[in-house]
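Encoded as structure tokens, the following chain is the form predicted on its own, with no partner shown.
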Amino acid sequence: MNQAEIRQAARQFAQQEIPFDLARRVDEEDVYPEALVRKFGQTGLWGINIAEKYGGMGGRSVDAMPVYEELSRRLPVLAWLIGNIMLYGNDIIGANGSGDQKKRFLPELAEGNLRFSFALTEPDAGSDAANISTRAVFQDGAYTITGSKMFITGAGVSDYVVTLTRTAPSRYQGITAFVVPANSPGYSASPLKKLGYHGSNTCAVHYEAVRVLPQDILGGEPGLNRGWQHMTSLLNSERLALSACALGIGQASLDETIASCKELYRFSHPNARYQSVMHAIAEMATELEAARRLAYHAAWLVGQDVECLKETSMAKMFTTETAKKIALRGIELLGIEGGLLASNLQRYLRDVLVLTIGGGTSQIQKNIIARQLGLETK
């Protein structure tokens, strides 16, 4: 499939399988949408970014962007749940897994049979990701993991959790990623109540002497103390995935605003009041188009293997902030109607707030951009 075909397949799935009343019910009940995740397998899109020899489509992570965008137009949380598996299952195993790990996991991931999560953030290590303190200690032929993680998407419903641990004193060269089975004794995940992205099963995770073997190191034993490199190799893909999710929410917010304003002002003449509304919507549409072009240009650079840390950071910051602005502006234009819980706009606003934080806050993206422009702080 090319990207146009991928987009069409994802759009058709969203329109047929996710009516707006179902999307609202997922948000209200805040329960992991297992049935929708399973149904997504019928699209054949799970293996977009998995090599053909493992049963995938042979694409790259950027080829999944239309999926995230289209699903986010109906149910943003589903887009991120699927993206979570594609990034931290398909991508991280495909790029950094050992030969045995690729043979073991990728065919099952391509079929949609496995759920993966990624555990990096800790109560005292968010934006400063290298400050993790969860430890893995080697003794008697195995590693014992002890510590806690926070805000881990899908951690309570996953089969495996790629967990970053401290295995040596070095800040960056002392981090190791383990592929931890979620049924391991001592592993536990407690769902958190959040403002948005209801149904994501975002958890606080605890490791109480969880035992893993050297072959569970991401990349096998050669992957010892290479966890930071494994993580940073995915950052461009993660930023673009979040950018695509934001584009979907921005488009959904714009569509909802246009439809509602047409209804709200259907008896109005094109007077000064209505013209101000039209101008506001025109600005929203223009900003969204600028965000889309920035994001897909950055994706094109990634596809060309061009160094583009600045561009992906720009895309992540601008798309998420733009989508937030559009959702909020839509609510303002609709007045009390936009603030009702029956309105999709309030749900989109609550969801998009997460995107401005996850994957590096907007402030962190600005720091990265500034450094790429040669503006170093002392």
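What you see is a predicted model, and the numbers here were worked out from it, not measured in a lab. One-based numbering along the sequence shown.
The following text describes the form predicted together with a small molecule, which does not appear among the structures shown.
In plain terms, the part of the chain that comes close to the small molecule in the predicted bound form, with a heavy atom within 4.5 Å, is 146 to 154 out of 170 to 178, 103 to 111, 146 to 154, 295 to 303. Contact annotation: His279 falls outside 4.5 Å of the small molecule in the predicted bound form, judged by heavy atom distances. The small molecule in the predicted bound form is approached by Gln363, whose closest heavy atom lies within 4.5 angstroms of it.
Contact check for Ser188: no non-hydrogen atom falls within 4.5 Å of the small molecule in the predicted bound form. Put simply, Asn84 is close to the small molecule in the predicted bound form: some heavy atom of it is within 4.5 Å. Proximity to the small molecule in the predicted bound form, defined as a heavy atom within 4.5 Å, singles out one entry of Ser98, Ser260, Thr121, Ser184, which is Thr121.
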